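Read the single chain below, which is given as structure tokens and is the form predicted on its own.
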């Protein structure tokens, strides 16, 4: 594996992925290890504009429009990603597997369509490793209630999130050597150690 890997943090709402990617970024900065950190949707200026549109509680797009907006946001990140590919460690909060988990397993959109557009956009840009954060329904609901504000994707029914998480786990099983599942129902400091320990091995 490249010592400048692309590492993705995946998981449903309140699974801890953003906590861990931010912690890893702080760790890399502390050790003066060159990297970039982006989120999807988001990252580049144009992608951030699309993010606001997708997640706005005032939006009411159908599922196909949502898919196309997510892919458009990714398209706006392609130049940024390719600029740093193999030159810096790239940390991404949600990526291709999120699109598959949410739009295919969650909303039922054709999988081959999603794969085809992603392949067209990304070509030879590959993910080296993924941390998949999982969470129980009870803890997800509890943590959502603690958020000061909820966006549009925080408000789906519990069955939707259950299907999305099952989709993530199914994806992890097909690429088991490139995935590490983090059980966010366990102690946060323990999981922090697991993630940083694996990170050190990856870089």
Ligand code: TMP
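Positions refer to the first chain, counted from 1. Everything quoted here is computed from the prediction, not taken from an experiment.
There is another form of the same protein, the form predicted together with this ligand; it is not shown, and what comes next is about it.
- Stretch 66-74 is the contacting one of 66-74, 136-144, 25-33, 174-182, since its residues have non-hydrogen atoms within 4.5 Å of this ligand in the predicted bound form.
- Three-residue candidate spot 38, 85 and 126; no residue lies within 4.5 angstroms of this ligand in the predicted bound form by any non-hydrogen atom.
- In the predicted bound form, this ligand sits beyond 4.5 Å of every heavy atom of residue 130.
- This ligand in the predicted bound form is not approached by residue 61, whose heavy atoms all lie more than 4.5 angstroms from it.
- Although the partner is absent here, residue 169 lies well away from this ligand in the predicted bound form, with no heavy atom inside 4.5 Å.
- In the predicted bound form, this ligand sits beyond 4.5 Å of every heavy atom of residue 20.
- Residues 98, 99, 102, 103 are the ones in 97-126 with at least one heavy atom within 4.5 Å of this ligand in the predicted bound form, listed in sequence order.
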